[in-house]
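Here you get one chain, nothing else, as structure tokens; it is the form predicted alone.
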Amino acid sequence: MSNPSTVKTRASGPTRLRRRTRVSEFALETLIRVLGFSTIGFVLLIFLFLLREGLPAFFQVSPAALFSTHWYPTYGFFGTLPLILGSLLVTLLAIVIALPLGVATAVFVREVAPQWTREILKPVIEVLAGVPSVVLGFFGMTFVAPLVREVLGAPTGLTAFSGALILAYMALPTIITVAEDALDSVPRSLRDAGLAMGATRWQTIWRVVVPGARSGILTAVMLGMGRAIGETMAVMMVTGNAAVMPTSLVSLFRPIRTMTATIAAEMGEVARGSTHYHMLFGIGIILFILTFLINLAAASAIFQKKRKGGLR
């Protein structure tokens, strides 16, 4: 006969194991919750600090002066309109350049390239995202700017177009990686259905696969735009840093100044607590609002298309 104590020990073994497993799962879930809420908390703390330092600017400077066309803090002019338009000009032009190149590269990597080529290209693209912005800014000053000046006949190579070229290069790895993942998520059945209907391989790619990945491609564009509009060092080194209004197409080949470059260039020399100091934080608030509106518009567009059944 079995010893009752031995039977009890054998029965308690799985019980202790289940209890230990539940404790481990609870500890892991608690750690994940703490990390998640701490991330949100850090973002809120940063935003609250931005509000604390930047909100006084909106009371010290009138709305008409705040959105005027002159930024000369030394003489008391704090017009942010040239900075806002300069940031939007460089960012939109960079996305116009990077979007077709990024989507085409993602299609090649996912749909066309053989397996050995894909295994080489994907790590190379990811490595490009790690190039420091100051290195790209130096490259833009020494190579891109002289090339723009000589080829396009611009009076200076430090222009909005030069900055857009550098930002497009910086946004490409993000767009390619996210778009390639979106293309990979399109079901194989859609490709097979397109080919079964008599479509060629390229027709299937451009009329079935790419439309099926529109939500992911739109996400890639938004991430690339966020990467471009928030860039500081490369833009400050390449765009010329002239706070002038970009009012025509000729402005593409003239110096401009962005919001991020203004903050980086002037924060180190400004007197703490002055109107100029608060205005730089106010520019940060404006930049935060613009980025939030862009992301909100993209999320709204994706949600509406999903409700209509336009995206899978």
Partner chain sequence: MNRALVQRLGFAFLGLITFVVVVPILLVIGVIVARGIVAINWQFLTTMPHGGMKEGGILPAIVGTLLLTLGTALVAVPIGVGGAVYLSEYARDTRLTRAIRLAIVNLAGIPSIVYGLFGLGMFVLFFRFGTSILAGSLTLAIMTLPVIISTAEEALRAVPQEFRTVSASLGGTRWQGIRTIVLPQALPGIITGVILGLLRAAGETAPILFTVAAFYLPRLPSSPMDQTMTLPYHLYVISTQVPGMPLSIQYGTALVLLALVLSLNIVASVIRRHFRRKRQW
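Keep in mind that this is a model prediction, so the values were computed, not measured. Residue numbers count along the first chain shown, from 1.
Heads up, the form predicted in complex with its partner chain isn't pictured, but that's what we're talking about next.
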Options 185 to 193, 213 to 221, 228 to 236, 80 to 88; stretch whose heavy atom lies within 4.5 Å of its partner chain in the predicted complex: 228 to 236
Proximity to its partner chain in the predicted complex, single hit among A160, V178, L172, A145 (heavy atom within 4.5 Å): L172
In the predicted complex, the one of I263, V244, L252, L51 near its partner chain [non-hydrogen atom within 4.5 angstroms]: I263
is_contact(P132, its partner chain) in the predicted complex, heavy atom dist at most 4.5 Å: yes
4.5 Å heavy atom contact, L287 to its partner chain in the predicted complex: yes
Any non-hydrogen atom of Y72 within 4.5 angstroms of its partner chain in the predicted complex: no
In the predicted complex, T200 touching its partner chain (heavy atom, 4.5 Å): yes
